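In the form predicted alone, a lone chain appears below as structure tokens.
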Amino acid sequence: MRMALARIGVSAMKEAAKGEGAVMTHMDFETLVTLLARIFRSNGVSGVAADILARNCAGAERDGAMSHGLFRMAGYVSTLRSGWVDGRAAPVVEDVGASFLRVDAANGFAQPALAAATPLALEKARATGACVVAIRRSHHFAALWPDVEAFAQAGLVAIAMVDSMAVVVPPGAHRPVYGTNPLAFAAPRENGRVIVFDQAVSVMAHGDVQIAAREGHDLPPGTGVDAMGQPTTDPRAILDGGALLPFGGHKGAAIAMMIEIMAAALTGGLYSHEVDWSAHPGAQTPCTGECLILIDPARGGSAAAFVARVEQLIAALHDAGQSRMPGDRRFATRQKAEQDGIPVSADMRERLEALMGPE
């Protein structure tokens, strides 16, 4: 049964004019999660997975990461309907060492697989000082910082790496081999705060290129090449047979190679260039692997000493003139959204409503 957006959490929503007469709906976080989870469930995702994915997507929108927020919902639904991903997959956690877990996501999404491994991963990290979580046969289509932020809030240092699909061309190569291959890092700070960042090895995230193409914006020079290997600022040319460039040239490409090895060779997942969804028209989520590394900083002396040293570095950066730390803008946007609600345009509400499948 389709549920009109107007019927969802009306008391938690308020209409406001924003921009050039655009009508924005401000939704609280849980209301948006409820809506997105219903969309996921109506398109064949299990209840547990639907809630996990909905919170991830709503969190990205709340924090101002539009390229990984509601913009991604159409791609999720298209992929589910194509049969490329199993929305009801049951991940299998394999205890293979004192500090090592393998997870078979069973052709499902990466976040439910990570959630299934988290209790044992935390236990191992506390017991041995570290834990590697190697996830394979997993679809990751979201922001990566949520995968690490919660661990930093629990007092651990966390590093996550994901390969994707071949859209990044190495320097000197004539076709893309690497994915955008995001790398996320998080560490605890004093007073319950964390330092967290999430960055792709490409000059620009693939989702941002898609948004630019949809909105008709040119990209900065040096972002990518067209199908002939020529530099271009046209996002459509990059998406239509072209490729993104790695940041920093050979240095970014080397990091991309490391992530391919850690997220595919180590986990047993596919390399970016091995992803082939040609038999599933409409598929958009790459089925590859994810590597997560957890470290207990208390093993380096004490947890208190670690966070104190982190604060010393941050103080030095402030003294040097760096006013904003990684993650600060995201946290400020989150705080505003918690006070005022998450702004969602009328156009996006209509797009979301159209994604609702039969229940």
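Just count from 1 along the sequence shown to find any residue number. For clarity, every value in this text was computed on a predicted model and none was experimentally measured.
Only in words, not in the display: the form predicted together with a further copy of the same chain, which the text now covers.
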property	result
Listed residue that, although a further copy of the same chain is not shown, lies within 4.5 Å of it in the model of the complex (heavy atoms), from 93, 194, 115, 177	177
Output flag, 157, 270 and 326 jointly within 4.5 Å of a further copy of the same chain in the model of the complex, heavy atom basis	yes
Proximity of residue 220 to a further copy of the same chain in the model of the complex, heavy atoms at 4.5 Å	no
Partner contact for residue 202 in the model of the complex: a further copy of the same chain, 4.5 angstroms, heavy atom	yes
Exercise: residue 44 in contact with a further copy of the same chain in the model of the complex, heavy atom 4.5 Å	no
Non-hydrogen atom contact residue 185 with a further copy of the same chain in the model of the complex at 4.5 angstroms	yes
One stretch from 234-242, 72-80, 272-280, 212-220 that, in the model of the complex, holds residues within 4.5 Å of a further copy of the same chain by heavy atom	272-280
Contacts with a further copy of the same chain in the model of the complex - residues in 144-172 whose heavy atoms fall within 4.5 Å	157, 159, 161, 170, 171, 172
